[in-house]
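Single chain ahead, written as structure tokens, the form predicted alone.
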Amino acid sequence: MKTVTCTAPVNIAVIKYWGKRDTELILPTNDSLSVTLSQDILHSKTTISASKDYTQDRLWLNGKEEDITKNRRMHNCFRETRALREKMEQADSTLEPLSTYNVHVCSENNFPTAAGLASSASGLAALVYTLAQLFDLNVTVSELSRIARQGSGSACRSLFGGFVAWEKGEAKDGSDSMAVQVAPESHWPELEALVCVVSDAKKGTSSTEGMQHTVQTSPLFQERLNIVPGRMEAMKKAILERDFQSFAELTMRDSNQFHSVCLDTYPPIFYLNDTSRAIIQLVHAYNNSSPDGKLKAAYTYDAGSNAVIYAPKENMREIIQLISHYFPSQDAATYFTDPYNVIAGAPLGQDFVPQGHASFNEKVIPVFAPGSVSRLLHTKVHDGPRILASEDDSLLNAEGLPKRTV
């Protein structure tokens, strides 16, 4: 038996991926760019064990066994990585024939699945990275990203830390559609993020279903395809120059346009709810009242209602106080844990008027009912997948079965 455990991060796009030119190979209609968030806060963990004694491939997701034969996208990742291992074994007869062994896979997220927090991206990235370690594959991370893309498009970006572009490519076979790192996590350490968990519920329209409806029915989507290339270049420049003003405006404009395209889909797709829209209003009020006239925060929303607010580290304390005033906790124990000690024990939601923001309109939005935002997760730009060496980290026991089931 050979067993490997790895974690992979969540990435949140600032230039969105939406729409496929090939649904089977998961080839996107446009380039996209994301920020990799810290695995200390959000991650998927995967343990994979291979043994000649296993009678079949088996899969457990978040403690529940799934029929691995029905998961076509995951099968793509197994097929590709096993084929690479098989080539290695054919070239070197001394290698153990791991490509012929059945595997047991156990994967868990430490955050809600299918709630708009990029769970499929981190989950499929963790799967592919763990398979690569299990099979000792000698390939580049970009090559691995090409495999992960066939499991979940955005997963290709979770194989790198820092700032990551997914290049759509031109080849029909998808050979040039892969992720590349624009800048490492060390490039802009001052940039941080606050995830506002608006809803833990599974979203009504999946990303896969939603984007294909958009491609088929939205005239506005076609216009977006003309705009994204220029945005990509501008965003890369903003990141390389650590220009938060350009980064913030581009991020918010692209998020707004993405959700406009969703509304232009027929029938329309609604990912944002009243709480989501109120956070947008609040961020604009915060920026518009800035004493130096500069943007201090930027919101973005993927295909869900949860907000991600990017901001320089120096602004994060007042952003947390601002959000927690208008969206108070229902459960103080789980609402905000302050991993970086920016609040330092101060009461949440007090002194919420940002310092120096004399023109800030306190009535820009009402104070929402407790629990409208269930959790605040303060996180940073961080690294790509990690290998966990300790047996204690494994999700499988010595018999290759899950340590935890539901």
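Predicted model only: the values in this text are computed from it and were never measured. Note that residue numbering follows the sequence shown and begins at 1.
In what follows, reference is made to the form predicted together with a small molecule, a form of this protein that is not presented.
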* Kindly confirm or deny that Y17, T208 and M211 each have some heavy atom within 4.5 angstroms of the small molecule in the model of the complex. => yes
* Pick from H325, R73, R253, K87: which has a non-hydrogen atom within 4.5 Å of the small molecule in the model of the complex? -> R73
* To do: Have a look at I269, L98, V197, A303 for me and say which one sits with a heavy atom within 4.5 Å of the small molecule in the model of the complex.
  => A303
* To do: Report the stretch among 277 to 285, 152 to 160, 79 to 87, 313 to 321 that approaches the small molecule in the model of the complex to within 4.5 Å, counting heavy atoms only.
  => 152 to 160
* To do: Using the partner position in the model of the complex, report whether I26 sits within 4.5 Å of the small molecule, counting heavy atoms only.
  => yes
* Would you check, heavy atoms only and a 4.5 Å threshold, whether Y299 touches the small molecule in the model of the complex? => no
* Asked: Is there a non-hydrogen atom of F111 within 4.5 angstroms of a non-hydrogen atom of the small molecule in the model of the complex?
  -> no
* Heavy atoms within 4.5 Å of the small molecule in the model of the complex: does F135 have any? -> no
